[in-house]
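Okay, so here's just one chain, in structure tokens, the form predicted on its own.
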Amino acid sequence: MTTQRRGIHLDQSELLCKKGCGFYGNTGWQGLCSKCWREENQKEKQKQIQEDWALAERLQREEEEAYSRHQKAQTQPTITPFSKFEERKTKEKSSKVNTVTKFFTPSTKTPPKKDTPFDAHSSPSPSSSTSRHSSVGSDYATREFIDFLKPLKSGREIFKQCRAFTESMVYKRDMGADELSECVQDFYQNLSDRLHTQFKGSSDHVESVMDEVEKYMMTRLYKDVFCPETTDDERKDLAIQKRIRALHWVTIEMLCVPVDEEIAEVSDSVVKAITDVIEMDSKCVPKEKLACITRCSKHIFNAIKISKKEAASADDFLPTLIYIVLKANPPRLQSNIQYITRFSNPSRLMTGEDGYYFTNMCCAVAFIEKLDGQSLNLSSEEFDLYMSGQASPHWPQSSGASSCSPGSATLSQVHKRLDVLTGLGERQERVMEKARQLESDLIDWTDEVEQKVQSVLESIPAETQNPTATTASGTTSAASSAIDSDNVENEHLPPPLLPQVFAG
């Protein structure tokens, strides 16, 4: 096995869209950005529609030809008048066209909404299906959204459109995740275009409004669109969790992570990064989930900077992010990534630090799924032994071909345990010897203190001690330590005054 370290390297061009538009790509969109993915998706849909129309026309022609042959084969002299045939033909054609049109037209089951005033009481009525399933969080998001839109001239209209759209999504629960994502992204795009026209190119203002729109809508739709039953997101979550648990033996050296966890500040940054990536699952809004990934990434850059004492590079960041994900094993990782991909504001994933860090997170997950021995500079035999639990990189490896056998691994384990026990016995002897030495030192110190105290007491003169005196009547006088014992002028003082009794 070669001793050269491969490390984990990812060219920054691999993070960009495969179409070369300059935006960040996404593995969930086959390496494309959201804009190019939507364009490709629209092309595929248009192609499918054309194929469906061609199929419908072909079936119609075949039916007309069969009907014509059937009419010619009849021996009866009575033939259907040409006008009736044309009427039936037109009716069948209209029926087919309406069927195809209905197939590609969104559902219109949403009941009509009454125009309500735009104020604090304009939230959905308690009788609506959405409000019955709303939580305290969605109600709070609605109030925040209303407060945000009040200063805007078109705030009332924006709220009406967002509310109508979220309530219409209740009737689309049976649609696939891609169709739900298409509906949401179309709404984002149409609303963004109208806002750009209204605010005359003020991108910052439009982005702030779109952020609040996303927060309001996705808070209300979260339970319906996160990990829907029509997808295999849950199966992918279990698969990636099982995969990460199986890779518990991967060390920081194997990934060539330039982080020194012995440094307290670095260790603290690693713990914060793990906490942030785990916290992502507790958020409902795609922007808030992305914020967790961004905070995690910044803690990683801080840990690398402190460890290397220089600015971190992209080649240092990705291996460390993989290491953090392996240590954290975040809950519902694939579902969160898919949720962000499907329902986040597309401009946020295409540019900016959120888009960069999210793209790296997707790359880290893809790397973990495809991790092999070559990626960790290990032979395939070693990788298989570690994955099966028959060996560990922390165990001593014996030389020779027998080092790969289970019996050799078990024997190495036994020898390691014996070495540990021997080392513990030696450490215990040293500790006991130190304890006995400490006990002897304490005894000597006690004797020395007693001798010093005794010598001090013996050096004090006897006349300095306070004797006691008695009065002439045999009663004990005041102690010599009284306050006025040293005052020699007390004998010259006059006697105390006696009370005088005056007769009336």
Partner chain sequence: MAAGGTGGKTYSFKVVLLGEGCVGKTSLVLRYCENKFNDKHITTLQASFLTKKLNITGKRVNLAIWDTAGQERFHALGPIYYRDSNGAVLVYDVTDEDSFQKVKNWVKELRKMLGNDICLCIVGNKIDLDKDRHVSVEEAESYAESVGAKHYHTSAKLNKGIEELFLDLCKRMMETAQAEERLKGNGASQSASSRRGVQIVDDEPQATPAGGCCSSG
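Numbering follows the first chain given and starts at 1. All values derive from a computational prediction rather than experimental measurement.
One more form of this protein should be noted, the form predicted together with its partner chain, which is absent from this view; the next part is about it.
Taken together, 305, 318 and 349 are fully in contact with its partner chain in the predicted bound form: each brings a heavy atom within 4.5 Å.
You can rule out all but one of 222-230, 238-246, 251-259, 418-426: in the predicted bound form, only 251-259 has residues with a heavy atom within 4.5 Å of its partner chain.
Distance criterion of 4.5 Å from any heavy atom to its partner chain in the predicted bound form singles out 367 from the list 367, 383, 165, 171. This chain is drawn without its partner chain; in the predicted bound form, the residue among 360, 336, 142, 269 with a heavy atom within 4.5 Å of it is 360. Residue contact with its partner chain in the predicted bound form: residue 329 places no heavy atom within 4.5 Å of it. The closest heavy atom approach of residue 196 to its partner chain in the predicted bound form falls within 4.5 Å. Remark: residue 390 does not count among the residues lining its partner chain in the predicted bound form, judged by a heavy atom distance of 4.5 Å or less.
Although the partner is absent here, residue 433 sits far enough away that none of its heavy atoms falls within 4.5 Å of its partner chain in the predicted bound form.
Of the residues in 296-314, those that come within 4.5 Å of its partner chain in the predicted bound form through at least one heavy atom are, in sequence order, 298, 301, 302, 305, 308, 309, 310, 311, 312, 313, 314.
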